[in-house]
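Before any questions on binding or motion, here is one chain by itself as structure tokens, the form predicted on its own.
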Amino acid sequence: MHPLGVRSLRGSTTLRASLALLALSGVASQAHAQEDEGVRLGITYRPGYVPALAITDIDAEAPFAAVAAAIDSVIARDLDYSDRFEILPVPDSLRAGSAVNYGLWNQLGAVWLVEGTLTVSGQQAMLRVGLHDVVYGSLKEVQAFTLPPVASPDFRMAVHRISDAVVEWATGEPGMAASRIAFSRRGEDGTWDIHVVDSDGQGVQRATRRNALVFSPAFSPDGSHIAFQYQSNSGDESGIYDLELETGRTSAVTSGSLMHLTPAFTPDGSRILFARYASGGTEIFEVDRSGGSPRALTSTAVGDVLGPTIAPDGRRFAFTGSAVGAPQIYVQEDAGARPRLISRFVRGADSYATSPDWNPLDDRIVYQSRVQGQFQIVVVNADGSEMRLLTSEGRNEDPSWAPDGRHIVFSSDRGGYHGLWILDTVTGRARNLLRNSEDQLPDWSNALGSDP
């Protein structure tokens, strides 16, 4: 586990040395971990009923068949990755171009049917999408979506938004396809930079080129900016920076010789919480997004406090603290209030819990905890109740919630290789997002609107 505790950055001797002051209260290395007697949690997934959904080929004129097929592929993948449907194979005789035969679709077991028509005029494409309720034999929803030019970098995101609309029509709940994941990637020269990727693992882009140690990305609520933690290679300069994704411009929010760590935006986007060295350890501070004088929110006077994550109501935040002698998860109501321990700590056992992330839709917090000598992902209510283990295979760290409040992204070495993974916390289905041993610290954006 990296000295940061909250976010694990492996394989960088320079980074470990430069951040040594943040080692959390003499925590033993993972290689010598004992069995954690404080966590006895079973993994229980109750997927329940999953309705079958069929997707016919998008109807389009011959010159635009390839575009229609590309759209089909994205929507089909998105709806599969939503983990809310069983995707049915479509017989050739029912693929496109004919009237909907509800009786036949019903015999095939379909509950929902998605069909679409693509029309193109010049550089302007329009996709008409309909969702049919096969059981009731009716068209439940239909909408025409304007798409940007196929060559536009925003084309795939526009299609993701259509997928999310279908999810909401069918379930009444939000999707997560139209979102991005930011993460830190180490280059061959040992420096780190921020990269972003779509929720389906496509479109990886490098977002920073700082020739330094850049990590702990945090999306702004609208997804247009990323706050990140910066440290010069020499270790004598540190700060929290704001990156505007569209232009690539960065600006310092707060900086100096003291270590600045683990930024997080407030839900309204007006402020940034972060950790900074103060009075013998690190504490949580907040600062206006445009800069100014930081204000202390915690005053523990024992060990280190870092990794803030804010509740959707903006009135509470969780963080990692080591007041009991080992990193644990705490929730605090407001500046100066008494923090409350919500992770499971057993004195004398190898208790270790870090990297909290607050669900964007409810009061659940996900974090990593050492269980039987291996880091696993745990979810718990903000009052400490209903603790549940989500993973058991391999080493799993750095969880972050999707905007649907149901999926998480995390780093893991499951399956024999390291990378970023996505887990559906309802069904337990896991899928690989990126396969790269140098990808760490993922942060999942909110749903992106029409101007990402």
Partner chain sequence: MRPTARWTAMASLILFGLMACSSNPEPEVEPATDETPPAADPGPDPAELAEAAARSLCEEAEAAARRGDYDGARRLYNQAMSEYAGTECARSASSEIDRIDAIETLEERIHFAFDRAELSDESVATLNRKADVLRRHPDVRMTIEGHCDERGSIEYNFALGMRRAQAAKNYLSGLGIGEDRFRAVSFGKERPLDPGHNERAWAQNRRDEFVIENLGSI
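Predicted model, so just to flag it, every value in this text is computed and none were measured. Positions refer to the first chain, counted from 1.
The same protein also has a form predicted in complex with the partner chain, omitted here; what follows describes it.
- Checking F317, W192, F274, Y367 against the partner chain in the predicted complex, a heavy atom within 4.5 Å turns up for just one residue: W192.
- Residue-level contacts in the predicted complex: of I377, A326, A178, V166, one residue has a heavy atom within 4.5 Å of the partner chain, and it is A326.
- Using a 4.5 angstroms limit between non-hydrogen atoms, Q107 is distant from the partner chain in the predicted complex.
- Proximity of P267 to the partner chain in the predicted complex: non-hydrogen atoms within 4.5 Å are absent; the residue sits far from the partner.
- By the criterion of a heavy atom within 4.5 Å, D357 is excluded from the residues contacting the partner chain in the predicted complex.
- For the chain shown alone, H407 is not a contact residue for the partner chain in the predicted complex, no non-hydrogen atom being within 4.5 angstroms.
- Only one segment in the set 243-251, 80-88, 304-312, 125-133 has residues whose heavy atoms sit within 4.5 Å of the partner chain in the predicted complex; it is 304-312.
- Residues of 190-222 placing a heavy atom within 4.5 Å of the partner chain in the predicted complex, in sequence order: W192, L213, F215, S216.
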